[in-house]
Each structure stands twice: as C-alpha cells, then as structure tokens.
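Quick setup: one chain, the form predicted alone, written in structure tokens, and binding and motion questions come after.
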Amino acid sequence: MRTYFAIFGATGNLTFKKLLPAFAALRTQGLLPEDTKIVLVARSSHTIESYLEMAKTQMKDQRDLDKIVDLLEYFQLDFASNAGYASLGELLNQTPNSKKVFYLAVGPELFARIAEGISSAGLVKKGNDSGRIAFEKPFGDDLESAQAINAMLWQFFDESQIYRVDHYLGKEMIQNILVMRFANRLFENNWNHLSIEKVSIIAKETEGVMNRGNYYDKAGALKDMIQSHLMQMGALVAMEAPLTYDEAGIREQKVEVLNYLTVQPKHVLFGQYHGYLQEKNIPSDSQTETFVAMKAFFNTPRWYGVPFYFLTGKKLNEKVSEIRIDFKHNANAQALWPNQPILKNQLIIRVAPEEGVTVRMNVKEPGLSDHINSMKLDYCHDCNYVGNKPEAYERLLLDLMRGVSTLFTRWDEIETAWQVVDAIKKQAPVLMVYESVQDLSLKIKKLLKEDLL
C-alpha cells in the first residue's frame, strides 16, 4: 500500500531541522515503507528543484536530502483555496486505497481551514484509519481555545485519527521511565510515599528566546513547557501500573493520575530574565514569564504528602532536562552509624542533553576504617547505542505511519493539563525579574523551601 505523507508548512524550520532528517534516518535504517511519497505542501511558489536548493541552505546535513530526494514532491497550495485542495486530492488519490498522513507543521490558526480543506476534497474519511492528521503543540492558548480546536477537528476526524505531537514523548529516556519502574522490582516496590520524600521535574535552558519572540511572548514558560512536556513527565512518574503496555492502557493511567494533580497559587513562582524586554518582537511592557517553579501534589494513595516540584526556565545556569527522585532517610542506618554522614538515596533520570540514569547510594570507604561514603552508580544510555542514536522525531514519525499512538497525547490528557494551568494563570503570580541564577535560587528557597537550581 502506498503511503502519502503530506507536510503542510514545508518551508518552515520544523520541516528542515526535524522532519526531513528523520525521514532520511528512517530510510537509511530500512524502516520507511518502500512505496512512500513525501508531498511538500506550502504557499510559496517553488519547483521541486528550487525547493531543494533552499533546503540545502537550511538543513544541517545535506546528505540527508540525498537519501530521500526521490521521494519528494512539491505542491504549492493557497490554504484558503477549495480548488487547491481539489488539485491536491487529484495527486494523493492517484493510487487507490493509499494511506494518507497529514502533518500540520503550521500555526494553530490554520488548523481549521486545512482540516476542512482536506476533508472537503475527499482526502480523509472520518473513522477511516487510512487517513490521519498530526500537529504540534501548542494545543491552544487555554482550555477554551483548546476545546474549540478539538471540536473543530472532531468534525472531520475521529479521535483515533488525530495525533498530537509532543516531541518530548519521543525521547529515549521518557520512553524508558515505564520500563525502569515496572520492569524492576527494586524501584516499583519503593515507588511511593513510604520511601520517597520528593520528586523534582526540571527542564533548564541557558539560552533566551532567540528568534521565537512572536510565539514565546504569547505562550510563556507555563504554557510552553509545564502544560505539555513537564506534566507528561510527571504523569509517567506518578501513574499507576497500566493493565496493558499499549496506548490504551498507558493513556488511561496518565489521564487518571493527572486528575489528582493540585497546585496552590502560593506555591508558584514566575520569573522573567533581565533583558527579555529587549529581545526581538517582545513588547516593552511584557509580563510574560520565562521561568516557572512550583510545588504540586498528586493526591493519590501512592503519593500521599509527596511534593512534586516542577521547574523550567531560560537563561539559567545549564541546559538539562531530568527527573530527580529523592528518597527518605533510612532511620535504621542513622541509628547504626550515628556519627557518619549518611546521605539520602537519590535516583536521577537524565532526559537531555545526555541520557541515562544515576543512583546515589551509601557504601563503606575502602581500607581499614568504617567510614561511609556516598557513591554514584551511573548508567549512560547514549554509551550503549551503537551508531547514530535515534532522534525523537524518528520514533514519532514511524509510529504515526504505523498507527501506534502511545507516544502521542490524547485529548483528555490535554484537557486535564489545561484545567490546572488555567487555574494557575487566573491567580497571576507576581513576576520576578532576575539578573542572576543566584537571585532566583534565593527566591525559590524562600518560597518553596527547596534548592532546585
């Protein structure tokens, strides 16, 4: 069966930096269906030759283009033109019973028109799994707008045909969280409030907004990172064991635990880095937050009383995404060695830029003394992969073509996350302008009583 993969927004950064390289990698590994056609849809006037010349200047490795050049076809489309969609239909319907995937690498303001256009042209039949649509976050600006987008999409697609892309879910260590938890009794038997003191979910960046000012100032750190990436990470850590290790089982448990997530406004800190107002396309009076730290609770029997700290921000001291699990003190050990510096056990799941797991544990110092040292057991995920490690988009595109939706976000997950975020926004925490990480760290310690940076 032929697979048509139509990318709307084919002249955009996402296509050049992520999608086309991912297709090239999949083909190199023999994972791309042989009868695949990638249709590059955009409003610009291009021939395939002029498009390829432009792509060479935008892509990191031009060799990626060479690997898939025979699969590419350019199609100019006025997104507002019904006739244009009809012409696109003639192209994509050349092969009967073909599979059609539509990837909307465009702003959400175009979703409705494109969805209506491909439906009216007969390119998709509601409920027929041979037609699928995928799009990137942001999934709306708030709960109301997200509901409106979703209601519109449901006019033309069933939920099973809609794939909402959160690229964090395609990262190796995010996928590894459930394996670590449920395939290791060592962790699962202690994965609860009896053993765990706190959980910290952190995504820090050293750079500012760069050339994303137009988008970022409308979103801010809360919507850009907390509502999607960090809440998804939190759900995977906090969820109960799924009945089945498939998309239905995993998604059900994620939604269930998100319904128990609560945040008190007094436990939320908004920050904005000094110099943000001078960035390109940022209003001089902007109150958009570039940093969020907050304490939350999953009010389930498993996590009774355990705080979950979420932290994300720009212009910080390092670029890192990780999950820190801090275990409680072992009272028996402290009684046995009352004068020894016995540290708490800690598990760190490193998501980016390096992927791996670190476990901190106490051991006896070598030699004749009885001194106890804290040591780290380190698993380097990257070190155990031979060849080029898959990027998140490779897995996501592969699953999209196969119809596997485990790593995509279901509507009720998004709805629940927006309810939490909207409640935080309504309280409008005071915005702190920070000139240094030290200033920010002191404020976090004062508000949340934790050193998260």
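Residue indices: 1-based, along the sequence shown. All values derive from a computational prediction rather than experimental measurement.
As for the form predicted in complex with a small molecule, it is not shown, yet the points below apply to it.
Here the chain stands by itself, but in the model of the complex one stretch of 208 to 216, 154 to 162, 90 to 98, 172 to 180, 208 to 216, has heavy atoms within 4.5 Å of the small molecule. Shown alone here, residue 295 lies farther than 4.5 Å from the small molecule in the model of the complex, counting heavy atoms only. Taking the partner from the other structure, the small molecule in the model of the complex has a heavy atom within 4.5 Å of a heavy atom of residue 168. In the model of the complex, the small molecule sits within 4.5 Å of a heavy atom of residue 321. Taking the partner from the other structure, the small molecule in the model of the complex has no heavy atom within 4.5 Å of any heavy atom of residue 355. Only one of the listed residues (137, 254, 350, 132) places a non-hydrogen atom within 4.5 angstroms of the small molecule in the model of the complex, and that residue is 137. Note on the partner interface in the model of the complex: the residue among 326, 247, 224, 279 having a heavy atom within 4.5 angstroms of the small molecule is 224.
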